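Heads up, the chain below is alone and in the form predicted on its own; it's given as structure tokens.
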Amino acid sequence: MARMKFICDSERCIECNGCVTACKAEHDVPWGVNRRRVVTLNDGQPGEKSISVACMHCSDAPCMAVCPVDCFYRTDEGVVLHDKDVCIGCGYCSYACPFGAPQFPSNGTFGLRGKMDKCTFCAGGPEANGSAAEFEKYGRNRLAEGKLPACAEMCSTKALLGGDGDVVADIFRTRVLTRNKGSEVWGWGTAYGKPTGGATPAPAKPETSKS
């Protein structure tokens, strides 16, 4: 069975926020909550990169590990969902998640706690598929309709890919190889940058006399 995953190609993301808008419109997300957001690194500087971030539906999800009431569960497709009827709004998941996916409705100066909300991979919740109760709590269940997440389908540059993890990984792998970067896209140089000075220059080659 397919294991659903997201991949965002930072070489293609143009920070248009179309994915954010598509998500809010598709699921009628409450004010103060963004299930998906675009993060830009080195904004306005050379090497600026943007990436669309949401719940990554981790195989070993930290939110599931810290939830004291076990409101999280994983579907057969690998999508991490939660039951709002069980959630007590403690906020542990928001501290544990490295992507900042779990969020709480806010209103006023100091905000208000309530039932946690996060990206559902457009897979709804524990209620019956397509029911009014499911839409009210979790939004539209596009996976039950045989469709992919709205954010990925609305991405104008196809930077955001969502679907079968093996398929999206093959697409991204093909892109990397056709960019002529090969394995260089991963590794020490990508993570920490390449040396920019201080290196000893290579010795000059001796000139050969011409007869």
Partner chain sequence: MLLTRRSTATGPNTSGLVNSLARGVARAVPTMDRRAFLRRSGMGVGAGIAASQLTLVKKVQAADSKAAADGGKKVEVKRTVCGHCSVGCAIDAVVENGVWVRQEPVFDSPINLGAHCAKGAAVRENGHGEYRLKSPMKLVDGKYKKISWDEALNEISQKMLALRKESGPDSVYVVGSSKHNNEQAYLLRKWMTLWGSNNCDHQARICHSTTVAGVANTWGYGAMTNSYNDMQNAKAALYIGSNAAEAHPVSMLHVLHAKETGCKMIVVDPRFTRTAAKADQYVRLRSGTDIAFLFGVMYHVFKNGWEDKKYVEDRVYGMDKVRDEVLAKWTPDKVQEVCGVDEATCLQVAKTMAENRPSTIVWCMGQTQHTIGNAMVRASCLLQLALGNIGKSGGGANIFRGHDNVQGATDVGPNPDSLPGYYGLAEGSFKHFAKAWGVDFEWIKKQYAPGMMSKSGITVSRWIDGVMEKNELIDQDSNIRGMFFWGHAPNSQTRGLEMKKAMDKLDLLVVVDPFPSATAAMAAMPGQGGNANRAVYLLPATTQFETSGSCTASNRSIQWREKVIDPLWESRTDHMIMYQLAQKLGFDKELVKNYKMVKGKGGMDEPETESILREINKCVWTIGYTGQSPERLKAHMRNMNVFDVKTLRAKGGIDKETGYKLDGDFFGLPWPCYGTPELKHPGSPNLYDTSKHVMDGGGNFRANFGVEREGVSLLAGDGSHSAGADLTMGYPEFDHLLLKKLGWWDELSEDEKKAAEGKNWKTDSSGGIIRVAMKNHGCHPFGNAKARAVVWNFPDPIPQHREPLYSNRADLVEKYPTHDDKKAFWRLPTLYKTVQEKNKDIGKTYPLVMTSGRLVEFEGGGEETRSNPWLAELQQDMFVELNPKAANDRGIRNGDYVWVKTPPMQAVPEFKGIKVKALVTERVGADTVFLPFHFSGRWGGVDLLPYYPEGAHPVVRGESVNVATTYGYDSVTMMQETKTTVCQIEKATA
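Numbering follows the first chain given and starts at 1. Since we're looking at a predicted model, the values are computed, not measured.
The discussion below concerns the form predicted together with the partner chain, not included here.
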Answer yes if any heavy atom of Glu153 is within 4.5 Å of a heavy atom of the partner chain in the predicted complex; otherwise answer no.
yes
Gly78: touches the partner chain in the predicted complex, heavy atom cutoff 4.5 angstroms:
no
Contact label in the predicted complex: Arg173 to the partner chain, heavy atom within 4.5 Å
no
At the 4.5 Å heavy atom threshold, is Gly114 in contact with the partner chain in the predicted complex?
yes
Within 4.5 Å of the partner chain in the predicted complex, which residues of 17-32 have a heavy atom? Give them in sequence order, or say none.
Asn17, Gly18, Val20, Thr21, Ala22, Lys24, Ala25, Glu26, His27, Asp28, Val29, Pro30, Trp31, Gly32
